[in-house]
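First, one chain by itself: the form predicted alone, in structure tokens.
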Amino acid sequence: MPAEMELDPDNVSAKSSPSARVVIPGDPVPEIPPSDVVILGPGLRREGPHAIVTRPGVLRHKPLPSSAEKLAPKAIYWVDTHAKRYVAARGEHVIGVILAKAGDTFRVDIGTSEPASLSFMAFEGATKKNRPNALPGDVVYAKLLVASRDMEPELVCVDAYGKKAGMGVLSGGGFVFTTPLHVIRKLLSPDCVLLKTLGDSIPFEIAVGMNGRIWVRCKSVKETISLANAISVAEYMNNDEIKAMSAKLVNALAGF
């Protein structure tokens, strides 16, 4: 039986592969050999020795560099789909809004069917006496520690070393907006030039959540709204079109 490992979509390019094909829920995936160690990403799940599709979309495949280790994965398989409803996956970074306090936990809306839980102790330096300064309505950037169809999602704002690593409450203003999930994957792809091109001329801070939410903050409200609009309209642009659009945006903000 092939081993199943977890996919980190932040590090996967959404490029098409020769094996790309349209699939629907329930389809088997004969491209995954039963004897190989592979990584199953979003849209796929293990049913006995076989992999089954759980969401409609395009089946993607990316081979991994060969390794001397016997159990090293040989390829990544996932289903690329146009979706607005987020399905929690363990290890993904998401942006949520604190809904309420419940005992020693926060209830956080991350766009899933039910709110996620975030413990008071899941912040850097938090103790029973030194609790984080987070209130209902605050925006948090967190990582999914538990994501199962049988349990509610659980978030943490620290990495494996107990450091915040950029996670926590997103304070100081900013603007949160939503985009389709494939736009998030496009932004995080190493081949996308949008954020790098804009960052050469416009200083900004950004947090990208795999749940389709983006938090952005610039020096002025005008730049913040312009950057959010640029991300939204770049959904179907290629890199050349993105560069041309970015140049026009920078000139417009400069008054030319």
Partner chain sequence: MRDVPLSNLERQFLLDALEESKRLDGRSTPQRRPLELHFGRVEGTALVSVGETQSDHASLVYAQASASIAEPAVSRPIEGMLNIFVTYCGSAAARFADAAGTAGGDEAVEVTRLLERCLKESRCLDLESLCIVAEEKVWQIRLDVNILSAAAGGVADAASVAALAALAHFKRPEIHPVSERDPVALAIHHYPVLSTFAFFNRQKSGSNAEKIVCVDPTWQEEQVMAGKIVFGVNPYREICTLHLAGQLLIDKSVVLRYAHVASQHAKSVVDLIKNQLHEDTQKRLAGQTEEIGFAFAFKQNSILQNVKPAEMVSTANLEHV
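Positions refer to the first chain, counted from 1. A quick note: this is a predicted structure, and the numbers were derived from the prediction, not measured.
Just so it is clear, the following notes concern the form predicted in complex with the partner chain, a form of the same protein that is not shown.
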Check: Where, among 33-41, 216-224, 183-191, 201-209, do residues come within 4.5 Å of the partner chain in the model of the complex by heavy atom distance?
Finding: 216-224
Next item on the list: May I ask you to state whether residue 170 is within 4.5 Å of the partner chain in the model of the complex, using heavy atom distances?
Entry: yes
Note to self: So in the model of the complex, is the partner chain close enough to residue 127 to count as touching (4.5 Å, heavy atoms)?
What the structure shows: no
Notebook entry, point to check: residue 121 near the partner chain in the model of the complex, any heavy atom under 4.5 Å?
Noted result: no
Notebook entry, point to check: Do residue 144 and the partner chain share at least one heavy atom pair within 4.5 Å in the model of the complex?
Noted result: no
Item checked: Single option in 99, 156, 75, 165 placed near the partner chain in the model of the complex, where near means a heavy atom within 4.5 Å -> 99
Next item on the list: For the heavy atom contacts within 4.5 Å of the partner chain in the model of the complex, list the residues of 172-194 involved, in sequence order.
Entry: 173, 174, 175, 176
